[in-house]
Structures are given as structure tokens and as C-alpha cells.
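A single chain, nothing else alongside it, follows as C-alpha cells in the form predicted alone.
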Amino acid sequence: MRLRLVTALLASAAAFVAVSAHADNLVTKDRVGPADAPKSFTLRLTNDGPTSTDPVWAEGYQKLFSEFIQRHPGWRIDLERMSDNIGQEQARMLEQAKSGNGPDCAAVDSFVLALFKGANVLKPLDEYFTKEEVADLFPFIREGITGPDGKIYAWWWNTDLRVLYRNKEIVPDAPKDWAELKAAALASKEKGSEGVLFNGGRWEGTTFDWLANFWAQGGKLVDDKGKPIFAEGENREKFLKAVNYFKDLVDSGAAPKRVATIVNYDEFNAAAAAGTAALFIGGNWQYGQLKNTLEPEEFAKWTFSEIPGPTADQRSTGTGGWTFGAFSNDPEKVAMCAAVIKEIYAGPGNALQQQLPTAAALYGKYDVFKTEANETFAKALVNGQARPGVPIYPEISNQIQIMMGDVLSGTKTPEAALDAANTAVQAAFARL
């Protein structure tokens, strides 16, 4: 399996050279288009682009970008790549945009979109999308990209959800609640696995994956006015119940202590490839990655199910995704940003990465979304919940990440960690 992973990575490098050579070097690691093109704009991306660490995604985007730039002669795209520390990258980009030094066009994580809209650094994109295209978006997507003036300030091109992956040979039946997941994880250890893996380090993924356990109980982070209320009344009880659930998984050995340092979904793919994982909480996009990475007979052992709740009837999962926004004052560059969104990402990019579209029409347009797996993901979206689009959310997330580290490492009790998180969040809210 490791040989296949290494082979795939080498194939990615070779494909990059092959595609670039075929396109007369139109796509390099930091540029798309001729180096001496008269017009250019900067595009800041995550892993979703020509330099993706996923070999299939990288090759696919190299082809899409090559075709795109040939349809737009006279232009060059200067590529900028974000690191995996998404929270830090987004904060840095917001400050750059405020000072007029941001990229012309960039990927903006949906969970911080409210901050970018509130800072008035995004340019309207209404003239590039029809009313029908906007109306076809899921309601929470449409609401997220729309500003107080009714204009759209970004395009949310993919959404996702979290599920529980399991090796069927080791865990035959899908755990339906927290107790069953703990029991399955402990049983899997007897067969040589690590138990259940999840994000527990200091990054947004830790907060978002864990929130499903809070939301499944009906917990609320903020009230209708955006004020943090997660540490009050019934929300406090539900919050502590969800924290203690993760603490117990680690304390009991159902989850390894190393989860407290995991800050990347790729670690789960690597553990699956190495044969050390039997259970992990990951994103729907990882199903395609596992298929690309594992030998067919190994991939056939893996399946997924909804994240277990405290009871079988209490379920939730976080729905997120990425948007693109334009920061340039040059209308031509804003138009090119919209073209990148429409011609590369909203549709072709969804199909390439098997990332769920945000518009209903795209589910019928691409065969990849008619598979049993993607139809199952789409059905699970019924229990999906997006992060609140309020300015205080990033700080809530930051404090939950700190809290999780303190609790899983045993530095603080859940109660003390929650109180510290709430104190910091309320202070930050008062400064808004």
C-alpha cells in the first residue's frame, strides 16, 4: 500500500511535467499562461489547484487551468499557495486585503466569510451570475454569500460533510451512537488498530468535527443576534457532555493520545494506507482520496456512515466548503476571478474532486454525483449544519481548539477549560 502511495506521488510529479509540456509550459507550479503575457492577476489557492498534493486532483487542475488560459489569451495567472494552517492563512489574507495588499482573487473558507464581508474587502460578483444560478444555490449557501445590501460577495462552490469511516473487515457494523463507537474502537485495538482517529490539534478541523456532537444534542453556539451562549444554561450541559465524550475516548484508550496533535485529514488517509486505522472521522472528499490511494482490494474494505450521536436518533454533521472572492479594484481582474470560478471550480472542480456542489442542478449534470456513495453523502446532508456566519465564530473556534488541547492532554478539567474559553470569547465579543 505504501508502494502504491509513493508510486501515485511520483506519478503526480510526472503528470505535472507531462501536462505542462503538452500545454507548452502553460501551467507551472507558480504560473498559468505565458510568462510575458500583457495582463496578469494573482490567484491564491489551497490544495484545490494545480499543485495539489493529491496526484489525481493536481493532474486534473493542470488540465483545467491549461484549457482555461487558452480560452483567455493575453492573460497570466500568478499562483499563490496557502499552507495547511488555514486559520492562520485566512487571518493573514484578511489583514493583507484590509491594507490593499491582498491577492486579486482567492479561496476564502466559508467559516470566515462573514469576517471578509464585514471588512468590506470583497468586490460584488452579481453581474457574473444570473438570478437563476443564485436561486439554484442551497438556502444556507445563498445566505452566506449575500451581504446586507443584497449583493453577492463570493461564490460558494463546494460543500462537504463529516462522516465516520470504518474498515469493514475490522468493524463490520456501523456504530449508531457514542457507546457503540467506543466499543467498536476498543474492539478494533484488539485486532491491532489504533482505535478511532479524529482531529484534536489546534486547527479549525478539530472544532468543526467535534461540533457535530454538540449540535446533535441541539446545542447552540450563538443566539439570533450573534452573541455567544455556548456556556450558558442547557448549552453548557450539552457542551460539557460532548467534551467529556471525546475525553473518555482518549482516557479509555478507544482513541490514541496522538489525536491531540492531529491537524490534517491526510493523516487518516496515511493511517488507512499503512493499515493502522480501523475508524476515523473524516470528510466526504476522503472517499475519493482513499479510492485513488489504496489498492482496489484494500479500498473495498472501507465504507462510511453518519457520525454517531449520543443516541441513535440524535445526529448532526458539519457542512462547510470553500468560496472564492475577488479583492481587486480592477474590474478586468474581478471578471477574470469570476471566470475562474465559473469555468474551473463550480462544476468541473466539483466533479474532479468529488466535492459536493452547492447548486441543485449540478447533481444531475455530472455522473460522478449519481454514484451510490455520493447519493448517500447527499442524503446525509439532511443532518448537516453550517457554522454560524457571525464575526465572533473564528474566536469561538480558536478557543474550542485550545480547550480541546487542554482537555485531551489532561491539563485542565472540561469545566475549567470551558470557563476559560468562554471568558476569552466574551472578552473578544465585547471588543467587536
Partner chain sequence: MGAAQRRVAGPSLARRLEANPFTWLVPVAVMLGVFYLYPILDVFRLGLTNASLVSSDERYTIVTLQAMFENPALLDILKTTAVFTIASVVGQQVFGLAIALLVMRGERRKLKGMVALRTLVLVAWVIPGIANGLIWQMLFSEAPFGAINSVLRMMHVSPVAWLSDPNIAMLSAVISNVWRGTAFSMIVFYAALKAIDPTLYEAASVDGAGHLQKLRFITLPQLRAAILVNSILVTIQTLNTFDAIISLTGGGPGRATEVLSLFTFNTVFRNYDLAGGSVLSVLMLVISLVLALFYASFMPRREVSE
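The structure displayed is predicted, hence computed values, not measured ones. Numbering follows the first chain given and starts at 1.
Another form exists, predicted in complex with the partner chain; not displayed. Remarks below refer to it.
Task: Whether T276, I402 and D406 all lie within 4.5 angstroms of the partner chain in the predicted bound form by heavy atom - done: Yes: T276, I402 and D406 each sit within 4.5 Å of the partner chain in the predicted bound form.
Task: Options 179 to 187, 155 to 163, 83 to 91, 315 to 323; stretch whose heavy atom lies within 4.5 Å of the partner chain in the predicted bound form - done: The contacting stretch here is 83 to 91.
TODO: Identify, from the list A242, L125, V222, L115, the residue with a heavy atom within 4.5 Å of the partner chain in the predicted bound form.
DONE: By the 4.5 Å heavy-atom cutoff, the listed residue in contact is L115.
TODO: State the residue from D104, D209, E306, E194 whose non-hydrogen atoms include one within 4.5 Å of the partner chain in the predicted bound form.
DONE: Of the listed residues, the single hit is E194.
Open item on the list: Does any part of T261 reach within 4.5 Å of the partner chain in the predicted bound form? Heavy atoms only, please.
Closed with: Answer yes; at least one heavy atom of T261 falls within 4.5 Å of the partner chain in the predicted bound form.
Open item on the list: Taking the partner chain as it sits in the predicted bound form, is A270 in contact with it (heavy atom to heavy atom, 4.5 Å or less)?
Closed with: Residue-level check for A270: yes, a contact with the partner chain.
Task: Partner proximity in the predicted bound form: P394 to the partner chain, non-hydrogen atom cutoff 4.5 Å - done: Yes - in the predicted bound form, heavy atoms of P394 and the partner chain come within 4.5 Å of each other.
Open item on the list: Would you classify K151 as touching the partner chain in the predicted bound form, given a 4.5 Å non-hydrogen atom cut-off?
Closed with: K151: no contact with the partner chain in the predicted bound form.
- [ ] Could you run down 406 to 432 and flag each residue that has a heavy atom within 4.5 Å of the partner chain in the predicted bound form?
- [x] Sequence-ordered list: D406, S409, T411, R431, L432.
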